[in-house]
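As a starting point, one isolated chain is supplied in structure tokens, in the form predicted on its own.
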């Protein structure tokens, strides 16, 4: 593939752009705070002054933005994607948004002759750095096929899920499940501790049983220490819970566990924990200020 444009250099976007550079891709980057681009420039990236400038320069542009509002503004605002998108231009949005947002972006891009693919990812900072993300793509099949060399660098497995919206929905289901599990795990750690058990022993027992999983193993030790370096910020997890609950509303699916988990994440945000890792929801139980 020719030069790749990359819009959005948060925790994920920065790691993914760096990965592309280290695998020999030419990358032009843009971020709302342009100073975020400096480290990537040191590794060979070029800066695009606006999203429109990146689209103009690159045949393929990837976006990795924080939420639906950011994803929409980069496309529709002044100097945005729509000002330069057209025939022969390809836009891959890897942000986690709802299906409605994804469809709105898709319609705008395709109406100007551009190609669109949504491709949200499952995985946080470390998988992004290691190229071990799971890519949940939907939209233009030809663009998916053309993007596979890039996806093979960024991820360990890519899925093509059909029409636009399906990638967004799959990502929300995955993150809703993850957020609900994190709350149950937090309650387990605190219950073990308050019951006079060693929480580390709980981790060892869980790791040997049927509910062993990488998230418990990776997050558990730092949670016990009360340390939450942000791999996936809690405020973004709460946003995904909210979007998943809205999807549940649309489909008349009762989600009492997810709803309770969302309340816990909201409580954590009110406690000032939004920029910490989503595992900081543990503090809503550990501090005795639970969401109930």
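For the two forms, the rigid core is made up of the largest set of C-alpha atoms that agree within 1.5 Å on superposition. Numbering follows the first chain given and starts at 1. All values derive from a computational prediction rather than experimental measurement.
The following text describes the form predicted together with another copy of the chain, which does not appear among the structures shown.
J.: Given that another copy of the chain is not shown alongside this chain, does residue 229 nevertheless sit within 4.5 Å of it in the predicted complex, heavy atom to heavy atom?
T.: Because no heavy atom of residue 229 falls inside 4.5 Å of another copy of the chain in the predicted complex, the answer is no.
J.: Spell out, yes or no, whether the shortest heavy atom distance between residue 261 and another copy of the chain in the predicted complex is within 4.5 Å.
T.: Because a heavy atom of residue 261 falls inside 4.5 Å of another copy of the chain in the predicted complex, the answer is yes.
J.: Does residue 177 reach another copy of the chain in the predicted complex, with heavy atoms at most 4.5 Å apart?
T.: Looking in the predicted complex, residue contacts with another copy of the chain include residue 177, since a heavy atom lies within 4.5 Å.
J.: Hey, in the predicted complex, does residue 88 get a heavy atom within 4.5 angstroms of another copy of the chain?
T.: Outside the cut-off, so no.
J.: Flag this candidate site as yes only if 41, 103 and 130 all have a heavy atom within 4.5 Å of another copy of the chain in the predicted complex; otherwise mark no.
T.: The answer is no: none of the three residues contacts the partner (heavy atom, 4.5 Å cut-off).
J.: Of the listed stretches (57-65, 42-50, 239-247, 220-228), which one has a non-hydrogen atom within 4.5 Å of another copy of the chain in the predicted complex?
T.: Careful reading of the contacts points to 239-247.
J.: Of the options 143, 192, 150, 108, which one has a non-hydrogen atom that comes within 4.5 Å of another copy of the chain in the predicted complex?
T.: When another copy of the chain is considered in the predicted complex, the option within 4.5 Å is 192.
J.: Going by heavy atom distances of 4.5 angstroms or less, which of 164, 154, 136, 115 would be at the interface with another copy of the chain in the predicted complex?
T.: Contact with another copy of the chain in the predicted complex is made by 136 alone.
J.: Given a superposition on the rigid core, I'd like a yes or no on whether residue 73 shifts its C-alpha by 2 Å or more between this form and the one not shown.
T.: Residue 73: C-alpha displaced by less than 2 Å between this form and the one not shown.
J.: After the core is matched up, is the C-alpha of residue 45 off by 2 Å or more between this form and the one not shown?
T.: Not so; residue 45 is displaced by less than 2 Å.
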